[in-house]
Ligand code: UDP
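Take a look at this single chain in structure tokens; it is the form predicted on its own.
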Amino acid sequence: MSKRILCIYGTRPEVIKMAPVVQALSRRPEFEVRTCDTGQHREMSGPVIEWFGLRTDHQLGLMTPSQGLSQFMAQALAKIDEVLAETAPDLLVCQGDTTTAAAAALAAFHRQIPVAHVEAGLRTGDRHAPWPEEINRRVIDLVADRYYAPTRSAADALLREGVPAASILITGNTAIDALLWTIKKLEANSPAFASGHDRPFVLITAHRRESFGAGMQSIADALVTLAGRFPDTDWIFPVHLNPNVHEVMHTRLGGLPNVKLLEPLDYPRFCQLLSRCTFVLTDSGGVQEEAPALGKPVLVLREVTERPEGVAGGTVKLVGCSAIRIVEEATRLLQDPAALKAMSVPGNFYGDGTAAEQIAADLAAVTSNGNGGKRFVVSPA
């Protein structure tokens, strides 16, 4: 009898990282796979779902304007619980550290449904950075039954917290699966695989809640200085829709001739630009994984990171939100070819593109221990 698996997502990054898992599980006859979208990123997730050919079985549409974290969490818990009651899955799969993922894990725990956590074990050690993600992922890992750690350091963090070694599997990150699949598809559809941008450019993303206010202002100040200092370099910035980002960046940077403020890009277009940029300025966790896989240096607009492998490998550097530090490090990469080359070595710190297949194979090895299918015995990692 096939096992029913519910895969849940709500934000655009979750869709990107869950898509390879849904695809890999769906290829296995022993699984009946269903999906649920909370709508945490309602406007931004749809094109990604379409790109990966996902079918969403349960669309909750929970996000409303100016909604707070607690309000979203309360709605998500209640509505996900209704989906769990309706579908009665044998296993819930969630990804990462979003409020969607935390609510899903708690709702499943309340119904004694086992939880598999994709991208388990990431830690900064600072509960306020990233916020609220650091607490979300700790909560998920408190109730999870199976842990898919992207790296050795993530697995070690879980072991320090008392997670049994037999419940952990190091797989790499499914973000790399999605990235390599997308690049291959783009190359097949367009042999030239051009970015559509002739001038050298730096790619920028910023959206972290802990940077709202003074942090975003400082990032904008740095970009004003850099755009003036390097007029022959373009600064391409797909601006997040959150007003705390959108209003600041358009007020400070609008009208600068070599700053290109774009609406959020679809995932294929973003991958295309990522593959062609000189380097990246970002506070995104996923981009910290994707850029090194393509040999692109990353300056991280954060003080701490839960992805230390890129820092240790020399392709990622933490610069925080300090305008002085951002300008200094970006200038170094643009003026010193040796420094740029040293950070441009491709590194497969976060996997080789097979994480989802490893996860599907591991879950296929999971068998019921006779307790109504609600508890699982797993083979050692």
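Numbering starts at 1 and follows the sequence shown. These numbers were taken from a predicted model, which means no experiment stands behind them.
The same protein also has a form predicted in complex with the ligand, omitted here; what follows describes it.
A.B. asks: What is the one choice in Ser211, Ser167, Ser284, Ser153 with a heavy atom within 4.5 Å of the ligand in the predicted complex?
C.D. replies: So the residue touching the ligand in the predicted complex, by this definition, is Ser284.
A.B. asks: Since exactly one of Arg146, Arg123, Lys79, His240 fits, which has a heavy atom within 4.5 Å of the ligand in the predicted complex?
C.D. replies: Of the listed residues, the single hit is His240.
A.B. asks: The ligand isn't shown here, but in the predicted complex, which of 247-255, 155-163, 293-301, 260-268 has heavy atoms within 4.5 Å of it?
C.D. replies: This holds for exactly one stretch, 260-268.
A.B. asks: Is the gap between Thr205 and the ligand in the predicted complex 4.5 Å or less for some heavy atom pair?
C.D. replies: Thr205: contacts the ligand in the predicted complex.
A.B. asks: May I ask you to check whether Met18 falls inside a 4.5 Å heavy atom distance of the ligand in the predicted complex?
C.D. replies: Flag for Met18 set to no.
A.B. asks: Can you tell me which residues in 1-25 come within 4.5 angstroms of the ligand in the predicted complex, by heavy atoms?
C.D. replies: Arg12, Pro13, Ile16 sit within 4.5 Å of the partner.
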